[in-house]
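Next up: just one chain, as structure tokens, the form predicted on its own.
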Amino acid sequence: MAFPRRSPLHDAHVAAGARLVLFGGWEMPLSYPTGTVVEHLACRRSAACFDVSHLGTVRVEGPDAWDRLQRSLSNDLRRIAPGHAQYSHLLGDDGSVVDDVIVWWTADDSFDVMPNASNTVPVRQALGGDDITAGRAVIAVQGPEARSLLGGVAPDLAAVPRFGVRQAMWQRVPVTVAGTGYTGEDGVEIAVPAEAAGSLWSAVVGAGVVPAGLGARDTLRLEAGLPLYGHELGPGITPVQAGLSWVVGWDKPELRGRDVLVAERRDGPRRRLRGIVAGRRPLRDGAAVSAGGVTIGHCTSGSFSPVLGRGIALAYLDSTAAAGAATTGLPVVVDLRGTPVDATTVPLPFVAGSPAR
């Protein structure tokens, strides 16, 4: 397999003047000539489209598909039914997150599991199934006007409800569309065969949806308080610490890392994820967070919020400090390469999404 991998939409990004970067083994657009802030605000105020083809797709099919996923993933498939999507975790024996995935339950005995780009191989090894990533593109259309603008191009694609999954047609080509996304806004994600991806992308952009890159995708998910694998999730980090206990099917007879997770839920984790807001200076991941001169944690993701006009960060704080931060704003200091920056803890999300969310 060629490295770096390229999306079926690569030529469209080059033609649009996108700035390309390596991400998870893929060459993907970071931003377009309009810039990340413009792309970010387009998603918050109107609609933006993202090429997320770097995400993996592992198709698990057959009479034992449901049992395999139910045994292997943290969430409980009994909570949903065919035609729905579910956020879940692949856990290690210590209860930490090996990867976070979206499961699209497309038919009775067929599931498309979408892991992060760098984790497609280990997720497939854990679940079985077929890696069909190379044969399709995935286009996310997100924002308060996403459905109305997409509806002018393909009404069936725009009509899928939030966390619903449907099979539809685009120019006589079968596609799968789900009411999912990673921006905090309403919208859909469309898995389209590679040969038809360019025409769909062009039609969406032609309808007035603004192309956006990974830069805006990251600042949008950060404003929405959504975790990113390798930052808020990963080795040594459990769903309980991340505030994602709802992703755990506590009543499942088989749950990897159960003893660790049950103990954390009972006794409280040693650290918890919290939001931090500062002045206009962007906050950065890895920065130490202190209160009263004592280090209480570190930032896991940080940037500048285009909506708030302030620096924001997600941070893991020790349980005592995090408990106080959950009810009232806790004054903290963020160490930005030796420069102390005054900040305050705040509830998540930093920015609420569109009303449809």
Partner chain sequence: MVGGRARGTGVRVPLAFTGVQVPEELHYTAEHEWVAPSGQTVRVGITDYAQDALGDVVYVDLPAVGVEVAAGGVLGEVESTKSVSEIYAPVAGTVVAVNEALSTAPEQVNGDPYGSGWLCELAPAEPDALQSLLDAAAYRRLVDS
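Predicted, not measured: the structure shown is a model, and the values here were computed from it. Numbering follows the first chain given and starts at 1.
Keep in mind that the form predicted together with its partner chain is missing from the display, and what follows is about it.
- Leu20 is the sole member of Val333, Val346, Leu20, Ala12 with a non-hydrogen atom within 4.5 Å of its partner chain in the predicted complex.
- Proximity to its partner chain in the predicted complex, taken as a non-hydrogen atom within 4.5 angstroms, holds for one residue of Arg266, Arg172, Arg79, Arg280, which is Arg280.
- Each of Glu27, Leu30 and Val38 places at least one heavy atom within 4.5 Å of its partner chain in the predicted complex.
- Heavy atoms within 4.5 Å of its partner chain in the predicted complex map, among the stretches 312 to 320, 46 to 54, 63 to 71, 296 to 304, onto 296 to 304 alone.
- Its partner chain is not shown here, and in the predicted complex it never comes within 4.5 Å of any heavy atom of Glu145.
- For Gln241, no non-hydrogen atom is located within 4.5 Å of its partner chain in the predicted complex, even though that partner is not displayed.
- Not displayed here, its partner chain is approached by Arg284 to within 4.5 Å at the level of heavy atoms in the predicted complex.
- At the 4.5 Å threshold, heavy atoms of Thr219 reach its partner chain in the predicted complex.
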